[in-house]
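Below, in structure tokens: the form predicted alone, a single chain.
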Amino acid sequence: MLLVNLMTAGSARAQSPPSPLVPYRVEGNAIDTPIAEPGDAQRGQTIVLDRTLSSCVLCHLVPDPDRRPMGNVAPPLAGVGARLTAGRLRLRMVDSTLVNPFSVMPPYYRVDGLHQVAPAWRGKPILDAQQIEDVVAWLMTLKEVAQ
């Protein structure tokens, strides 16, 4: 079990502004406890399909026949809600390197230990906690594999 405690006591961190992240608990290969209010699947779909917000479609094929082009670097999202639990999806969204240290998927809810981050984005997650929950809610609706 890994508990990510974002309020670290210490000399340098004590002087820093509080993190915009809420604490979460990684147990095994999942974050089973939601990090915000229950997600809204429709908002989640909007986030995933918005190339300027999440960039998911740059790497993943998304089951949306009207949306092209899409990536083929990462696994297709069709059927992901049947393959993975909400907790496993949440962990992958928060920080996929906790599942696979060599993952190229960006950590959508991590701010520490990152390199080459634009000054405007330093200390800010790509998605906030509610957006993570919205995306997880939508991904959980994807139960069927596309033909």
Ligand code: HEC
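The shown structure was predicted, so the numbers you read here are calculated from the model rather than taken from an experiment. Note that residue numbering begins at 1 and tracks the sequence as displayed.
Beyond what is shown, the protein has a form predicted together with the named molecule; the following relates to that form.
### Message
Whether 77, 135 and 139 jointly form a contact site for the named molecule in the predicted bound form is the question; each needs a heavy atom within 4.5 Å.
### Response
Result yes, every residue of the spot touches the named molecule.
### Task
Spell out, yes or no, whether the shortest heavy atom distance between residue 87 and the named molecule in the predicted bound form is within 4.5 Å.
Answer no; every heavy atom of residue 87 is more than 4.5 Å from the named molecule in the predicted bound form.
### Task
Give a yes/no on whether residue 105 approaches the named molecule to within 4.5 Å in the predicted bound form, heavy atoms considered.
Judged by the heavy-atom cut-off of 4.5 Å, residue 105 is in contact with the named molecule in the predicted bound form.
### Task
Flag residue 59 as yes or no: does it have a non-hydrogen atom within 4.5 angstroms of any non-hydrogen atom of the named molecule in the predicted bound form?
Result yes; residue 59 sits at the interface with the named molecule in the predicted bound form.
### Interface membership of residue 55, the named molecule in the predicted bound form, 4.5 Å heavy atom rule
Yes, residue 55 is a contact residue.
### Heavy atom within 4.5 Å of the named molecule in the predicted bound form - residue from 33, 29, 42, 100
Checked against the cut-off, the match is 100.
### One stretch from 92-100, 63-71, 117-125, 34-42 that, in the predicted bound form, holds residues within 4.5 Å of the named molecule by heavy atom
Single hit among the candidates: 92-100.
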